[in-house]
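A single chain, nothing else alongside it, follows as structure tokens in the form predicted alone.
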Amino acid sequence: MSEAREKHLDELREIVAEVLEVEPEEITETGSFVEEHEADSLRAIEILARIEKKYKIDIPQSELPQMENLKAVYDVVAHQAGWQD
């Protein structure tokens, strides 16, 4: 894993953990936000909004259903932000 990818994953993990009110260590790359942390659609939208603000990007709401775990969030954000990690 590249240093940039790891940094981005850590930043995204922090955002997700803050919104879901859990410790960052509890957020694994493939753990389901809904099943493991009881995330609802309002929290998903909050995660999306914080990511958009932090990275100054627009993520279509149609991407939300795919953003079910940290890896999926990273993939969507990397695509929208043009990261080459």
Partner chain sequence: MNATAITPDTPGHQDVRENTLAITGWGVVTSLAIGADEFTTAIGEGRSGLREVTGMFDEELPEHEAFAMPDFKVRDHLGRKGTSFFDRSTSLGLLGCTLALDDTDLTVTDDNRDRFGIVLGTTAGSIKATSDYSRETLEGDKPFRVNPVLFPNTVMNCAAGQSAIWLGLKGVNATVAGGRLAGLSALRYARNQIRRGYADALLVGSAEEFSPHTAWFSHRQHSAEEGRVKVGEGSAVFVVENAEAVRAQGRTPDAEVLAVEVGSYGAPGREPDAGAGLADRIGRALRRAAVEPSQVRAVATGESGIARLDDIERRGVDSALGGEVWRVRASEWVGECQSASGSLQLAALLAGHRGHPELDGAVSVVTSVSPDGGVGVAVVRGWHRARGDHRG
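All of these numbers come straight from a predicted model, not from anything done at the bench. Numbering follows the first chain given and starts at 1.
Missing here is the form predicted together with its partner chain; even so, the following discussion is about that form.
Mapping the unseen interface onto this chain, Asp10 falls outside it, with no heavy atom inside 4.5 Å of its partner chain in the model of the complex.
Contact check for Ile57: a non-hydrogen atom falls within 4.5 Å of its partner chain in the model of the complex.
Within this chain, Val34 is remote from the site of its partner chain in the model of the complex, having no heavy atom within 4.5 Å. Of the heavy atoms in Glu29, none are within 4.5 Å of its partner chain in the model of the complex. Residues of 38-61 lying near its partner chain in the model of the complex, listed in sequence order, are Glu38, Leu42, Arg43, Ile45, Glu46, Ala49, Arg50, Glu52, Lys53, Lys56, Ile57, Asp58, the criterion being any heavy atom within 4.5 Å.
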